[in-house]
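One chain comes next, on its own, written as structure tokens: the form predicted on its own.
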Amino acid sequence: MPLSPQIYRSILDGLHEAVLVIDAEGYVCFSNARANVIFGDPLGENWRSSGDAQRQWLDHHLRPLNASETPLERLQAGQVLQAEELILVDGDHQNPRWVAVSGGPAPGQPAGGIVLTIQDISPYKHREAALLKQAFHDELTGLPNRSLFLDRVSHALARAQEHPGLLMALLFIDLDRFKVVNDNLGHGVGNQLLIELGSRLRAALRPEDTLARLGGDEFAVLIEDIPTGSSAIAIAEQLRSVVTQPFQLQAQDVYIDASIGIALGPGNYDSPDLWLRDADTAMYQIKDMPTQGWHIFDSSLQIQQDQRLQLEIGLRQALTKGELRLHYQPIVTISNQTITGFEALVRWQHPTRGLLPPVDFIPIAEETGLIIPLGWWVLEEACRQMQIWTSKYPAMAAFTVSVNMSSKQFTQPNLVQNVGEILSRTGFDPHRLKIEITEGVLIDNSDTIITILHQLKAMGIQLLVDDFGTGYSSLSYLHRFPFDCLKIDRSFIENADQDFEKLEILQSVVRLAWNLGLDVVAEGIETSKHYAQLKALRCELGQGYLFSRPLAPDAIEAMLVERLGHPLAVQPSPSVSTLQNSATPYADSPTTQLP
């Protein structure tokens, strides 16, 4: 039994899609309920070939379609549309709707008649836009993220190929002291700072410039169409000025700074990643030039960066391949010239470059975080070696070993546990272990550091302030922290016999240590004059090339066998003269010649 027209209409009115049948003259012959919701009544004049005065069609780039591009005109020209996505807006551009348009010849209609279906896909497109925003924008600041930034850079490179001669710049911005804000005021305040900074940077740039947050405290800027490289420098200086303005956070002024790397382009760049890499490389050069806020990339920087990368890769392998070595520099009692212990100093037996001193790889280890596993290896190896020597040479039963500990190790939550486990595994007496800490460790997270140091002290470990006088040198922390000894930096020993100010500092440090009940170790003793001055000042301990260079374990053991006799014989501790006679050539060169 055929269905009645009313049933057909009821079925079509129940659809979510708008359905329109339009004759060859452009008038609507039929429209369902959904079409009336989308377009309103009456519909006939809305679809005449002369256009719709009340509504406008836009493509997905928000570009208005001309008359020949509208769905009606294309369908009447014989085209077939398959779910083509367009935007339909009112005449005053209110209530925009994303729609999927399909259509073709209307069956059963005279020639030129068409059927058109329109599905409102606005909710889907809004969800898609939200997902795209989430995928390509930083959630905190709302700025483009790394993915969208690299896409914009890629488009800029493509544009540059079409317009040779364009000059552009890519800026890599890294915040300085942002970690201090996070650690001391909390991550919530740090997030507020990043949000405000994003707004400041955006306001300082042109609308056509692209600003992105790459992650953490790193931002990037793409600047197109600049006249000269000097323009990029001026923009970098302006942005840095914006960064250094105080931030009002938690009712106080908070100050940060920024390092900005600049890479001019497009040049030979064919990859946005390479361009961004070079700006990042330029930024890192500023870390060695703290007074300069920006740096422009040149090819020599990339050579240096590649060398650093190869060194980092090699250092990672050195940790697993057993290429690290410890050398031991004797520490002596200045008054009676006998050894009291050693400082363990790491070296790298590089497979092609030979024995590398720490200055060649420790900065990279600090920068990459490799200093953490390296530091634990040094501590365990030093304790292991000292325990072996103690078993073979009873005269060494009271000898101590000093080990440097990096500030990054103090950020590890299990530091005290790790130290305890190493002492347990090696069987080394904690009272014979001295941990050397630079003054910079004491500045960040001081409350946490105090707790850790007291826990180490409770284990019997001795604590030293390394390179005293070169860092922050606050007398207050000497009262707050449980130190046993101050280690005077070598810079105060050099030329002390000719520099009255240095001599005064030495005297002050020694007196300060006495008043606080602390020992004093002077490092860098290289001449008999150094030794005589420190002895006159009644400095307790010293080390330096005058006594001995750092020696490999077999050289230390050869010295002990020669001077102490049979390994198990109990003998007095070797003297300074013993060391001078036994010292073997070492790869490092002293800053001054030994007498």
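Residue numbers run from 1 along the displayed sequence. As the structure is a prediction and not an experimental result, all values here were calculated from the model.
What comes next is about the form predicted in complex with a small molecule, which does not appear here.
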Inset, instruction - Select, from the options 220-228, 196-204, 356-364, 107-115, the stretch whose residues sit within 4.5 angstroms of the small molecule in the predicted bound form by heavy atom distance. - result: 356-364
Inset, instruction - Sort through 383, 465, 334, 346 and report the residue having a heavy atom within 4.5 Å of the small molecule in the predicted bound form. - result: 346
Inset, instruction - Could you check which residue among 210, 281, 404, 141 gets a heavy atom within 4.5 Å of the small molecule in the predicted bound form? - result: 404
Inset, instruction - Would you please decide whether residue 439 lies within 4.5 angstroms of the small molecule in the predicted bound form, comparing each non-hydrogen atom pair? - result: no
Inset, instruction - Would you check, heavy atoms only and a 4.5 Å threshold, whether residue 329 touches the small molecule in the predicted bound form? - result: yes
Inset, instruction - Indicate whether the small molecule has at least one heavy atom within 4.5 Å of a heavy atom of residue 378 in the predicted bound form. - result: yes
Legend entry - in the predicted bound form, residue 174 touching the small molecule (heavy atom, 4.5 Å): no
Inset, instruction - Specify closer or farther for residue 257 and residue 406: how their Cα atoms are spaced in the predicted bound form versus the shown form, given a shift of 3 angstroms or more. - result: farther
